[in-house]
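Before any questions on how it binds or moves, here is one chain, the form predicted on its own, in structure tokens.
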């Protein structure tokens, strides 16, 4: 029982950390970058913030997926033949939402946020030009929009999880 409780605790803690990182990026990192004195300062703030945000959010998603899969294995063993009949549909919905969340967060991390810092490094080595201000602004707008999508998806996943818990306990 203690192992199950620790697993659930780690799962909820990772969800809270992921959820909090989204709000921190939206309400701390991006506004701090907007208040920078110049464009170089803005990019430095963004790069420094994304150096933490990128691996942290992906690590939290990894913890969520692994702890969720471990807990689901225990539930499947306990339910035996009733597993798919009782929770199959809700589980499919939840896993679809999780797949979408992981896909979108990976796009934000590697497709957008990482590229801002990487292009600055490339430009610093003389192998190319830094992104234009317009390009960075466009990328930040997409990051902001996708962060809100991940927040909504996270809430939907929690909603489905609560419905699953109710079915499992009945």
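From a predicted model like this one, the values you see are computed outputs, not experimental measurements. Residue numbers count along the first chain shown, from 1.
Beyond what is shown, the protein has a form predicted in complex with protoporphyrin IX containing FE; the following relates to that form.
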Within 4.5 Å of protoporphyrin IX containing FE in the predicted complex, heavy atoms considered, which of 117, 68, 49, 130? 68
With the partner absent here, would 58, 112 and 149 each sit within 4.5 Å of protoporphyrin IX containing FE in the predicted complex, counting heavy atoms only? no
When the contact criterion is heavy atoms within 4.5 Å, does residue 21 count as touching protoporphyrin IX containing FE in the predicted complex? no
Considering non-hydrogen atoms and a 4.5 Å limit, does protoporphyrin IX containing FE approach residue 92 in the predicted complex? no
Any of the heavy atoms of residue 168 lying within 4.5 Å of protoporphyrin IX containing FE in the predicted complex? yes
So in the predicted complex, does any heavy atom of residue 17 sit within 4.5 Å of protoporphyrin IX containing FE? no
Let me know which residues along 6-43 have a heavy atom within 4.5 Å of protoporphyrin IX containing FE in the predicted complex, or say none if there are none. 8, 11, 12, 15
